Structures are given as C-alpha cells and as structure tokens.
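Next comes just one chain, in structure tokens: the form predicted on its own.
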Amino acid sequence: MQTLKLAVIGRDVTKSLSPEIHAFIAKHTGKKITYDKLSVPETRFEDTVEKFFEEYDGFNVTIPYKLSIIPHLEKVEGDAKAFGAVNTVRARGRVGYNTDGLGFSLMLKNAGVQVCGKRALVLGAGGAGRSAAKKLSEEGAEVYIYNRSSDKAKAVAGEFDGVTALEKLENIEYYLIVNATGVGMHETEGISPVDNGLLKLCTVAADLIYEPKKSKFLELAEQCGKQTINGEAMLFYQAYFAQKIFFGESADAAQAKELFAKYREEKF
C-alpha cells in the first residue's frame, strides 16, 4: 500500500492538531501516511518552499501562507479560486485547493443548523470570514459581514453575491453569528468580539476557534441559552476533505460525520 508523505506548513505549527487528525483519518480509512509539522519563519518561506514540493506528496498550508503559496502553484481548483487562498496542496502537478469552506458547511449541517432564508452575521473578513460568508451565501442565507477595518468587509461583500458589509454593529436579531476573528484565543483568550447584548438576539453562535474549547464568545452565548458550536468539527472536516484530495478519492459527508464522532469518542 502506498504511504503518502504529508505535512502542515505555517509560521508556528508546534501546537497544530493536524498530525493527530490526519493520522486518525488515515487509520480509520485504511490509508498509510506520515505527517510532519513544519514551522517556517516568514523570512525563510520563499527560500524553503520549493523543497516542500520535492520532499512531500502533499501538504496543508496555514497562517500566514495561504496566499503566499499561490505563486508557486501551477493551478488552483474549486473554492481556492473564489477565496484566493489555499490550504491544501498536491505536490504532483502543483495544484492548490481550499477545504475550509467545505469544512465549515459540514460543521453547520451536522449541528442541525439550516441557514437558507435566514439572517447570518459573520464577524471578521479575513480568510476564515471570507470562507464563511461565501458558503453561507451559497446556502441561501442573508449574510452580513463586519470587520474592524470596514474596507475589508466591503471587499468581501463586493466579491460575493448576497453579502452585505456593515459599518457598525447594532443589537439586532440574527439566526446565526459566526466568530471568524480569532479573538478569544492566544493572547486574546477570555475576550469576546461582541457582548451578550447582541448574542442574546441570535439562535446559534458558532466560533471557528477550536482551542479553548469554550471561548468567551461561546460562554456568553451559552449563558443566553443559545446553541453553541466550537470550531473543532470544522478543523476535522477540512482535514478529511484535504486527505481525500491527497489520495485522489471522492469525499463522503456521511463518512466524515461518522469519523468525527469516533474521533470525539476516542479523544474524550
């Protein structure tokens, strides 16, 4: 059986869960892989990126290289074209993909969240916010996006139909609020990007942060009696879709859901 040599590449991936998740998926789907963590300083990326294509069958790309990798590719496929960002690379052929949006959509679906015809607010207009806004719009939601730098929110709204940029946040009702800002982890742990004045008016609060398990954003939403979703499922599902790309296989949403349930059982 073929063993694929894989890796995750980012500025600091020392705490990445990707090796653990990819190893789990491979084990339970009868595949063989190795999976390395490669932390690369920004000053060294351009000097070292070529060796990744030579040494690995495929690799995942995370902050801050989802854009930087594109000039080194022969082509980009699927969501990577729309997002202008790549998180998955097949070394042979130098092809880039983006599985973040697929992971986000499946996370919501498997949590029973149906957004068609409903109002959704996305906080943050970076790569994660763009992915979320695009997928929510595709699924029929009325999407609003807010970013501290309003120009970034306007840029996203200008790219995707059904997305409106907000100049300021007001306490009005949304079915779903998505935190795609990163506020609540690392040095901002214990901080929420919004207060409970807004959260008490939503039905579902989803945080794309997966560590800590319960961010301040989700803690406040839970206190308001809202359904809360942690970003771990999105992380797992985007890895599942990426591994299917590495092996050139079709993805199966039902299989992904079953695998995540097993992963949670074994982890806890």
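It should be emphasised that the depicted structure is a prediction, and the values quoted were computed from it without experimental measurement. Residue positions are given as counts along the sequence shown, with the first one as 1.
The same protein also exists as the form predicted in complex with a small molecule; that form is not shown, yet it is the one meant from here on.
**Student:** Does N147 reach the small molecule in the predicted complex if we count a contact as any heavy atom within 4.5 Å?
**Tutor:** Result yes; N147 sits at the interface with the small molecule in the predicted complex.
**Student:** Can you tell me whether I70 touches the small molecule? I mean in the predicted complex, with a 4.5 angstroms heavy atom cut-off.
**Tutor:** Judged by the heavy-atom cut-off of 4.5 Å, I70 is well away from the small molecule in the predicted complex.
**Student:** So in the predicted complex, does any heavy atom of K152 sit within 4.5 Å of the small molecule?
**Tutor:** Yes.
**Student:** Is there a non-hydrogen atom of G96 within 4.5 angstroms of a non-hydrogen atom of the small molecule in the predicted complex?
**Tutor:** Close contact is absent here: in the predicted complex, G96 is far from the small molecule, nothing within 4.5 Å, heavy atoms only.
**Student:** Choose one stretch from 159-167, 128-136, 76-84, 112-120: the one whose residues place a heavy atom within 4.5 angstroms of the small molecule in the predicted complex.
**Tutor:** Correct option: 128-136.
**Student:** Taking the small molecule in the predicted complex as the reference, which of V61, L199, L218, I209 has a non-hydrogen atom within 4.5 Å?
**Tutor:** Of the listed residues, the single hit is I209.
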